[in-house]
Structure formats: C-alpha cells, structure tokens
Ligand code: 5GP
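Shown below, as structure tokens, is a lone chain in the form predicted on its own; questions about how it binds or moves come after it.
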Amino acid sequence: MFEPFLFNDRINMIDFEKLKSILTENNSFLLTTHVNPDADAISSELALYFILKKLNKQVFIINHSATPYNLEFLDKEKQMQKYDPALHDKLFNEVDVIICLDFNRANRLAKMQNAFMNSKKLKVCIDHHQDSEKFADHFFVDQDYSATGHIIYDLIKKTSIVKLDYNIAYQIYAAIMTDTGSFRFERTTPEIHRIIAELLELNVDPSEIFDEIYDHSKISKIKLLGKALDSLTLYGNGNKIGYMTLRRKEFEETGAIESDTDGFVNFSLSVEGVCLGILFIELKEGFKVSFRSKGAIPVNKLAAEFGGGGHTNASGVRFFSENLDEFVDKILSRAEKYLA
C-alpha cells in the first residue's frame, strides 16, 4: 500500500525545465491515464502526444478503459489504444519513459497497475490532484492548476519546448473547459480566461467542443440520468446531504455505460439546502463513489478515508471487490461529520 504525501500550495512549484529535459532527452514514451477517463485526462494525453510528435519521438497512448463515445472526437488520429495485456505489457518494458496523466494513485490504473509497477523504466506523473502517492520517479504536480491540461499549457509557455498550435490548443481548451465546469468552478481565475483567449486566437471553436462533449448524449444516458434523479434522497441533520444510487440492473435496463454517469453527481447539489452530494455506482466488479461539495467542505479528505482522493470540492473513490450495500450507511455517516 502506497502512502500519500502532500505537496505544498505554492503556485508554479513544478520544475518545468526538468520535465522538458525528460521529454527531450528520451526517445520513446508510453502515455496513460486513469480508468474511465474524462476530458481532462484524454485531452492531456493528446496534447502531450502532439508535443512529443513535434519532437520526433515515438509515442504510444495505452488506457485501461476505452475512450468514452462523447470524447472520441478528440482523438482524430485514432492514437488511443485500449489496454490488452497480450499486446501491451511488453511496451511497459520497451519504452524509455512511462507518463501518467491526471491521476495520483497507482490503483487508478486498474488492471494495468501490475504491468506499470513491474516496469523498471522511468515513471513520470503529471497531475493537479491533492495527496499523491509515491508511485513514480518524478512528480510534476501542483493542485493550484485548474486542470492537467493547464499544466501542459504552462510547460509550453515556460520552456518553449514547442510552439503552441491549433492541435495542442484544441486539446488544452477541452481539458480546461471541462475541469472548470465550463468556467464556473473555484479555479476559474483571470489567468484562465487569458489562456482561453489565446487558445481562441488559434481558431479553437468553443461551441464545437462543448457541443461534442455535452450535447451528443445517447438516449441510454438520459434514461440512466432519470433513474439517478429518481433515487435522489436527502440525508442528515437539515437534509444537507443529497445522494443517488445506480445499480447494475439499471445500466442493463437502459443500455448505458459507466462513463455516461460523468457529471450526474452535480445534480444533487442543485437541491436547495444541499451542500454535499454523493453518487453511488454499482459496477460489475465492486463500486465507485463520487463526492461533490460547496464551500469549504473537504470531500477529498472524506474520500481519503476510504482510499480515494481528488480536489477539495470534487473527489471520488473506487472499490474493486467490496459490496456496495455494506458501505452506503458507513459513507453517509462519515460524510455527515464533514458538514461541521
């Protein structure tokens, strides 16, 4: 079991020159991200892929999960591969560097974790989440960044490793837009808007990206959302906790998939008086829990109690073999403690 360690809060604590030297002095790279990737994860991989290709490097993108259907448009060159042990385990020992993007715990690699940990190759983590585990050789992590894609942007601006172009800007925009909640979350700063202005000057079309990600849902996703909303229950003193539960049978009934649940938990916070939202999702193997909060309620610490992590107001945890019913009351009880 890896012990988490804390980075300080100083902005720009990342040694970008060191990261640049790793990227320029090595020849082959394997890029990967967490199970069930979101847009920041996918776009950060692709932005870094375009940087490395500009440097004439050999690059592989191998992910545990298939790319969610609403994010497939980002991978126009079809570079992302879904992990197959027979095809990909050897790559973990053949490339010069393995780069992990947008996650801070090795178990977020799911079935890829053993191949990753057994590799003797240089391991790098680029991330913006809190409470990282020591699972890599080099960490380029700062929780003050709005998104991992934001870190990739600063790599370019602070080192001039390559020139920012349309392909890279497109990915960075998608990463920042989604991880700031369309520019409404806490880390939406004046700096973020200046960055976005620069990306738009490179002809990135914000309406196109938003439409592709949020307005191309399959009917199965909408039906699953209906079931999630139907399960919405208020809990605790003052009904300040709102939680929803999705069971495997509801995925089967609607034909929806796990990635369809992205963003569902936010609906619980739209209820008057609710300041902590929870979504329980039963999976084929185990279950996952998403936490969201308002104000200073640190759901990352709540998630950490169960082996998870994330940001102060947005965190989660995944259980790979445990039974959901045995944990719901326990998690709700612990969540209530954080309302104080």
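Keep in mind that this is a model prediction, so the values were computed, not measured. Sequential numbering from 1, following the sequence displayed.
A second form of this protein, the form predicted together with the named molecule, is not displayed here; the remarks below concern that form.
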{"property": "4.5 angstroms heavy atom contact with the named molecule in the predicted bound form for residue 290", "result": "yes"}
{"property": "Exercise: residue 314 in contact with the named molecule in the predicted bound form, heavy atom 4.5 Å", "result": "yes"}
{"property": "Residue 129 within 4.5 Å of the named molecule in the predicted bound form, heavy atoms", "result": "yes"}
{"property": "Residue 227 within 4.5 Å of the named molecule in the predicted bound form, heavy atoms", "result": "no"}
{"property": "Among 58 to 66, 24 to 32, 301 to 309, 44 to 52, the region lying within 4.5 Å of the named molecule in the predicted bound form by heavy atom distance", "result": "301 to 309"}
{"property": "Position in contact with the named molecule when the complex is considered in the predicted bound form, options 187, 221, 121, 105, heavy atoms within 4.5 Å", "result": "105"}
